[in-house]
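Shown next as structure tokens: one chain only, the form predicted alone.
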């Protein structure tokens, strides 16, 4: 069979994208039409992948950061022979239960590396992919040797997170990271010049990248540019000048091609201009065969890799597989159990950020895939263990990352590290800065990525830094996020248990909310079982039938304990329920939940945050002792008195209700 012209192969992408969007009456045809030549060059000449095994560990990663152009990726998956991406899936673009949602979802569609759509997230996540590749290669040698390619857009590069991602990647010299920028000069509002005049090539160079312009419709020029990028000792950005909606007679080069179907007349005109004389979703046999051969051409590289992998020592091969399968080491549970016993036998009055450090010291001894870091707050977050070696530019043997003051960049990079496979990333900042990290944290939750967020300085208890740094609404905000597990431990033992649960969760992220101030130990008896696993548990039982139940999390549990003692002295039977994870408690089966919450007529919740969410436990008529507004700048003890979050306030509320009953 004669070789198929690569322009015709690119037109197959364009045609399928146009047809998919047209049938759905929804979508973005412009990017797939404009970037088809770039994608064709990448997939036919450079991308190392095997369509028969989309999860092959040493495949090159292709990330469509401009996720709105998802039909480009779906067309490529179909054309190259991904078994799940059938023609029917393309015909059901953006329809319920299809494998072709409006934006790519890694947890839903085979061959999609990460969930994208919120602009900037894909390029920031790619930094983590590229970093994980280098770190794993430093450990496993030539069984890890692949590139991370990113197709990004004007919008990606306008988002602020792009600055964080570019700066970090340039600093670390991630030379196997290559951006292909779809430089079409159009956004939804119209020409890019309405809002932006940045020289992106110069910008990338300033961040330490190799960067250049190329004609995005000249396949030979694109190929030459990618070869130069592969040879660079720095990350690379290739600005591919393209025409959005390439081929459309009236809409090409305009915002009309961006986010709406072309319409029957324009679609017919585009196919005519492209010389594509075929019906909807029709790809001629020679073109489809050529693309299917592209999907098979990585099989030999895959086979060579398998030989190298099987030549590894048995233990190293087994460890590589375990880590990539997200299986935790068998020794981890026992390490936590031993730590808990020690902390009960030798109690420590420390902040839970320090308790977290104690847990990390135990975990890194038995979990070699842990990668820890901080957004420039290492001494405050207590994240660097004694044995930690730093990741440095060009030196990737370490397991501690200095992310710089880049909270969203850190969170997104951790998503990429986890999705790449082989590592468990944990990163830290102050809890109020979840505001900066939240878009990437939301992707963690949506895309079911096992990332651990260590958020210290979790309340007004941080004291003198004042209300700008004191989170009051953040617990409620994070608890409201589906699939984000939030833990707020009360002491060293609970912190160890929460760390265990965070490590065991492999289908989504966990946030640990940790105190700056020292906390009195509340767990004085050793339990082999993880009491935090149900989200809440009875810490102190009432003597007799309980009249009052006090619920608290984190630093306020010791307040609840003190209040319980005073109420018991008054003859009011009171129990204390520690609630390290409110939403996990509310996920328990109804009978289990009822047993933990109990049936005491007086229910009081104590938390140095806003009330939102607690009514599910205490009811609308329950009493909440907490924050109603923002904090203030003063020592922590003074702030707790100022805002009435004290044992005395709990006792007064309980006594008043008890006497009125």
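Residue numbers count along the first chain shown, from 1. What you are looking at is a predicted structure, and each value in this text was computed from that prediction instead of being measured.
Form predicted in complex with another copy of the chain: not shown, discussed below.
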* Structure fact -> Answer key, another copy of the chain contact in the predicted complex at 4.5 Å (heavy atoms) among 406, 251, 485, 176: the residue is 406
* Structure fact -> With the partner omitted here, the residue among 10, 639, 653, 647 that in the predicted complex has a heavy atom within 4.5 Å of another copy of the chain is 639
* Could you tell me if residue 379 has a non-hydrogen atom within 4.5 Å of another copy of the chain in the predicted complex? -> yes
* To do: Check whether residue 116 has any heavy atom within 4.5 Å of a heavy atom of another copy of the chain in the predicted complex, and answer yes or no.
  => yes
* Can residue 79 be called a contact residue for another copy of the chain in the predicted complex at 4.5 Å between heavy atoms? -> no
* Counting only non-hydrogen atoms and a 4.5 angstroms cut-off, does residue 55 reach another copy of the chain in the predicted complex? -> no
* Asked: Heavy atoms within 4.5 Å of another copy of the chain in the predicted complex: which stretch among 518-526, 490-498, 192-200, 532-540?
  -> 192-200
* Asked: At 4.5 angstroms, heavy atoms only, are 180, 213 and 297 all close to another copy of the chain in the predicted complex?
  -> no
* Stretch 77-105: residues contacting another copy of the chain in the predicted complex, 4.5 Å heavy atom cut-off -> 94, 95, 96, 97, 101, 102, 103, 105
